[in-house]
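To begin, one chain is listed below as structure tokens, in the form predicted alone.
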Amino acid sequence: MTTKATFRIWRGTKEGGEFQDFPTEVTEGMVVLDAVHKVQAEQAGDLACRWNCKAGKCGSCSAEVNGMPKLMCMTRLSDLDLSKPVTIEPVQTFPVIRDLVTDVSWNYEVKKRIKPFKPRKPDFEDGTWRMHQEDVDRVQEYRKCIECYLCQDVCHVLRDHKKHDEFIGPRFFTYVAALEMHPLDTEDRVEELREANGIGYCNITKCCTVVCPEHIKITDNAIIPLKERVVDRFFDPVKILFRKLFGK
């Protein structure tokens, strides 16, 4: 059974562009990425679209569908109102290259600035460590991130206020949390969180958590615990006094 739907897709480059309507026949079970591929095959062979796995695991096909950051391969047409044009546009936080493709290289540069994993000395002569299972389990959630950057796209600090030079965004707070809460890590990143990484800009609206396709509790399990570490270090008067008296 086929249905007629209209896909309003943004076409253009960083110099500018506009939305174009593509009436398309769709069938049961299709996702937005299927529709985009159909438009490419039948009406706009030069339409630029980034994708890879089509299974919600590579994070490549991020876009805004009807104004909401989503993975196109995981957005079913049956969940959309096809009586109206389905709007598809590139994510807004990063500069457009062409059509639905954006330049996300800023994220890779940010990751390079974060202090890498620094394990403590091995617990045993054979070079191994002892870890509690609960400590291992705690960091597994962060490792589910597929770097789709939807959380970066929806974050108002980056999207609206353009604080790219002062704020690393929820994706990399999740990355820092994975390092900071690793049972073997010995590196100290708290001062960088406050200064270079700009964690104070986050007002914990949880919009990043809402759009995460891997259902990582970014705000509750990563950002808030990191904020608490910054507050403990720099703003808790009792702990500040304790450190001055005892040097710890």
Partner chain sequence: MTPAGASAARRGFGQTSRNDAWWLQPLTVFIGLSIFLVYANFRVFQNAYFEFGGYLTPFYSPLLWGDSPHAWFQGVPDWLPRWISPAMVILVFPAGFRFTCYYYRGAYYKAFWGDPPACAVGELRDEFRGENSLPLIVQNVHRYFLYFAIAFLFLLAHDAWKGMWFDDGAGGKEFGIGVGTIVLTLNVVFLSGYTLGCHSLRHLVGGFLDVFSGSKGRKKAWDCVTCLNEHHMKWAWISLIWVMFTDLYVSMLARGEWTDWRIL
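This one's a predicted model, so the numbers in the text were calculated from it and none came from an experiment. Residue numbers count along the first chain shown, from 1.
Omitted from view is the form predicted in complex with its partner chain, to which the following refers.
Student: So if I measure heavy atom distances to its partner chain in the predicted complex, which of the stretches 35 to 43, 22 to 30, 50 to 58, 199 to 207 falls within 4.5 Å?
Tutor: Careful reading of the contacts points to 199 to 207.
Student: Test of understanding: in the predicted complex, would Met68 fall inside 4.5 Å of its partner chain by heavy atoms?
Tutor: Yes, contact at 4.5 Å.
Student: With a 4.5 Å heavy atom cut-off, would you call Thr87 a contact of its partner chain in the predicted complex?
Tutor: Looking in the predicted complex, residue contacts with its partner chain include Thr87, since a heavy atom lies within 4.5 Å.
Student: Decide whether Gln152 counts as a contact residue for its partner chain in the predicted complex under a heavy atom distance cut-off of 4.5 Å.
Tutor: No, Gln152 stays farther than 4.5 Å from its partner chain in the predicted complex.
Student: Just checking whether Lys239 would be counted as a contact of its partner chain in the predicted complex - the rule being heavy atoms within 4.5 angstroms.
Tutor: Taking the distances in the predicted complex, the answer for Lys239 is yes, it comes within 4.5 Å of its partner chain.
Student: Between 113 to 150 and its partner chain in the predicted complex, list the residues on our side with a heavy atom within 4.5 Å.
Tutor: Heavy-atom contacts within 4.5 Å come from His132, Glu134, Asp135, Arg138.
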